[in-house]
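Quick setup: one chain, the form predicted on its own, written in structure tokens, and binding and motion questions come after.
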Amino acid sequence: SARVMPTQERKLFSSTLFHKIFKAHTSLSLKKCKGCLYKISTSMVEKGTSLLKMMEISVAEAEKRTGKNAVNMQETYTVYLIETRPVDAASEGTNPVPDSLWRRYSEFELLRNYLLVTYPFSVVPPLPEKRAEFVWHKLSADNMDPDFVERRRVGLENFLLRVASHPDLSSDKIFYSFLTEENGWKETVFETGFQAKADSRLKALNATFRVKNPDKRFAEMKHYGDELQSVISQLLRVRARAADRLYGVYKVHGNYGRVFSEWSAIEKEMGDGLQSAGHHMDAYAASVDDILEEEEHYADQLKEYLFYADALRAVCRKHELTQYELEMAAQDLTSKKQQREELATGTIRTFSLKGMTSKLFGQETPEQREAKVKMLETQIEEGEELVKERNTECEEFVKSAWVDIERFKEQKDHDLREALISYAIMQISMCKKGIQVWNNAKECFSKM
């Protein structure tokens, strides 16, 4: 069946086969009724409910447009058509047209940035690359190239499916409005104030180097993210070099076809056999274009996890920052308690700023000391509340983040295994076609 079953929606096979099945399923002309939309919008916010169980989503096509940008200059850009419909429409036997709207890549970026800030404990799915990376020399690196735009369309659809199947992200109202409201969506996102909540890079870097008690699990996971990105980068570079060599080998076989055709012109008995063998060689040389185009889809699946490594490390960096803020709050509380003790006992550390001030300007009066003690008592109470709050925040973050990291690890293992198996099968099929070409050539030679 071309229908994607609910039990499969969390796995989201990235393979070309999954994409074809899903596209065949969602290309049925179905239109959403307002009653169905209301039912989805009111029920999809339930915790842990996957939007993909209630709504089918696809990025159906891409279109090049020209218009004025923010500084009133002419620019060419690409927009993508998002189509959605309720799952119930098919089961109820109705056959309306899918609801649709257009989005630019920059709007997908805005959505993902919002999700990163709002769900810091989640491994947020990555977007496909904005410009082609790890390309072999015959592949265009132009972001307006039709083949690149098509691969990015597939990647953007995969991004939406990933988010729509995520146990936390799928229930977000901003994400739902991204899929269903073409106008006013950006204003709604900015009204959330998510930009003000975003942690600065400097702050995160400071936490990385100054945190005293990092969680060993998150430290190891961050290191794993670095290593995963490194090995996938190497794999993509090897694949690009192999594609260059493979292209050359196949195209050189076209010379066999030319030579056999020229040879056939001077032979009477052998001419037909040589001519036929030449045709087989020409077909073999031409087949490399389709082969390498298919390879690009597997490369894109690897690139998804290249970018997923960044998302994984972002969760680990956020934990470092949360831990650092807890440690700073606890350190400040300890300092305030020590100051209170000094005031109560009259013992002042010799090399402290307070000690130097006392030596220069004399001791404080009892009234001044009492006022400072009261102020410190208030600050200590506030500090204890802050430490308690930070500790709870840190514990909740660890709990939520580790659940999502485990979910991600299971998804990653499954997807990469499937992608590598599919790639191996494609290589085997390619080799079999090469053997078949030479068997056909042998038959041609045998009949001469």
Partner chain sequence: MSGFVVDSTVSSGNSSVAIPTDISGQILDLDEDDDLEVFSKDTTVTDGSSFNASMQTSPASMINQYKFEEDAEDTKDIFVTVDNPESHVTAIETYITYRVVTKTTRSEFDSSEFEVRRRYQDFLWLKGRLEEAHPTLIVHPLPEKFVVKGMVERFNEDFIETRRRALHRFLNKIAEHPIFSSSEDFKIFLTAAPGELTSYKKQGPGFLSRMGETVKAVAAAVRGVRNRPQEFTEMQEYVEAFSQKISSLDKVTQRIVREQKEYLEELKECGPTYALWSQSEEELAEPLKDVAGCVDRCCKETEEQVKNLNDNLIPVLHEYALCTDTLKAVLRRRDNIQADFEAKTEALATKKADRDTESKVLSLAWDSLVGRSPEEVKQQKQQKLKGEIKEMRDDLDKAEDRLEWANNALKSDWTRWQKDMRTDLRSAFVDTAERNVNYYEKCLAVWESFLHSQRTDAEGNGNVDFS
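Keep in mind that this is a model prediction, so the values were computed, not measured. Numbering follows the first chain given and starts at 1.
The form predicted together with the partner chain exists for this protein as well; it is not shown, and the discussion that follows is about that form.
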Contacting member of 316, 326, 232, 160, with respect to the partner chain in the predicted complex [4.5 Å, heavy atom]: 232
Only hit among 73, 238, 196, 144 for heavy atom within 4.5 Å of the partner chain in the predicted complex is 238
Using a 4.5 Å heavy atom cut-off, which of 375-383, 59-67, 413-421, 388-396 contacts the partner chain in the predicted complex? 413-421
Looking in the predicted complex, any heavy atom of residue 283 within 4.5 Å of the partner chain? no
Would you check, heavy atoms only and a 4.5 Å threshold, whether residue 151 touches the partner chain in the predicted complex? no
Contact label in the predicted complex: residue 191 to the partner chain, heavy atom within 4.5 Å: no
Proximity of residue 245 to the partner chain in the predicted complex, heavy atoms at 4.5 Å: yes
Are all three residues 176, 369 and 400 in contact with the partner chain in the predicted complex, where contact means a non-hydrogen atom within 4.5 Å? no
Can you name the residues of 312-339 that have a heavy atom within 4.5 Å of the partner chain in the predicted complex? none
